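One chain is shown next in C-alpha cells, namely the form predicted on its own.
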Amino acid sequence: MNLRDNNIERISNKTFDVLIIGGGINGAAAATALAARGAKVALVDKGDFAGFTSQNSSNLVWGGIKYMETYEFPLVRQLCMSRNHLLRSYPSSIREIRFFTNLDKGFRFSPFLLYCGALLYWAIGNFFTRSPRFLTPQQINDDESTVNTDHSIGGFEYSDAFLYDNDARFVFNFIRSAINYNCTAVNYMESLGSICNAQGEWQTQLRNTRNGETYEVRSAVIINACGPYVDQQNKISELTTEHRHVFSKGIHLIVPQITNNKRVLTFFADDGRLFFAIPMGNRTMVGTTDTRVSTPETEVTTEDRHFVLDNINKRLNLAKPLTEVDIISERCGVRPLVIKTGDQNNKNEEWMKLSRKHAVDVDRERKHISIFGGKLTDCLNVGEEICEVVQQ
C-alpha cells in the first residue's frame, strides 16, 4: 500500500483535531505549524499540493515596498519581519537580491524621494539587508547597459529576497514537514461540503477525484485554506463570513536571458504599477499584469502578451525587440484580494490600491476558520496566527 492509499484509510477511520482544506501556501503553513505543536491534522486538496496560485507567483519574497505609498506601514513592517525570518530559516531556498530601479521623465515622484522611501523601508526591516543606493542616469547606464536611459531621471537600488528554487517546491517542503509531524495529507481529494453535528463535531464529505469514491472525515475544527476558492467552499457548507475575495489576474512571460547580472530590473509600467525582469536561471521572467477578473480560472491572452512585451521593449536596449516567438513559457494565476463582504470596489483607483494582506475569519461557536488573501512572504505569520486561534 502506497503512502496516499494509507493516508486515505487513516483519514476515513480517525477523528482529527483539525481538517485543513486546501494545500497551497496558507494550508501548508498552517498544517506544519499545527502538527509541530502536536495537533492531529488532516490536509486535503482537490488537485496537486502547491498547485494553482501557489505555483504561479513571481518567486519574490519581499516586504511590500509598494504598500508604503498607501501608508500601510504596519503591514510593511510585518512583511519585512517575515522576509527576514525566511531569509534566516531557508538560506538554501531564499536569498537576498538587489532591485535595480529606473525612473523615466514624468513619473509621479522624484528619484530622490523614492530613494528616501527606500531608506525608510530598509529601516523598517531592521537594516537586515544591504543598504539602498541612489542612482544617476549615468550610473544606471554604467551598471546595467541593458536598461534604456534615454528618458531616465535616475533611480535607486534596494534589497529584498527571492526564491532561488521555485514557489511550488518551497510550498511542498512545508507539506513534507507537516507529514514528518504526523499530519495526514491526501491530494486529489475534493471537499463536497461540511456539516456540524449535534455534538459540535464537523463531518466533511470527501471525494477521491481519481476514482470517484467518497469518504467522511470527522474533525473538531475546520480550516478553509482554499485560496481563491475559499468563498466557493464556504458556500457549499452554507457558511457566511465577514470577508470575501475579488480576483486580480497576473501573468509572467519566460524569455531568453536579458542580462547576466543577478538582479531584478524594476520599472513602472505604462499603467503605473511595478514591472519586473526577474532572473530565472538562464532565463528571465518578465511581468506582471494586474487585470480584474471575476473567477479564479484564467488564461494568458494576446492582449496580456502584448502589454508585457511592449512595456519591456520600451524600457530595455535589446539587439532586437522581444516578440511572441521569444516566449519560452507562460505563468498565469490570480491574486485573491480581500475585501469586506458587501463592498463593491468598482473604482479603478480603489482596485489598484488593494493590498495582498490576509484576513482570518473565525466562527468560534462552530469552530470554523477561513483564511482569505495572503502571500508567500507572509506564510509564517499565517501559520502562527492560525495556531493562536485554534488554541483559543
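A quick note: this is a predicted structure, and the numbers were derived from the prediction, not measured. Sequential numbering from 1, following the sequence displayed.
Below, we turn to the form predicted in complex with a small molecule, even though it does not appear here.
The contact residue chosen from 135, 225, 183, 222 relative to the small molecule in the predicted bound form is 225, the criterion being a non-hydrogen atom within 4.5 angstroms. Residues within 4.5 angstroms of the small molecule in the predicted bound form, judged by any non-hydrogen atom, belong to 53-61 and to none of the other stretches in 362-370, 34-42, 321-329, 53-61. Although the partner is absent here, residue 172 is not a contact residue: none of its heavy atoms lies within 4.5 angstroms of the small molecule in the predicted bound form. Residue contact check for residue 46: one or more of its heavy atoms lie within 4.5 Å of the small molecule in the predicted bound form.
In the predicted bound form, at least one heavy atom of residue 288 sits within 4.5 Å of a heavy atom of the small molecule. In the predicted bound form, no heavy atom of residue 100 sits within 4.5 Å of the small molecule.
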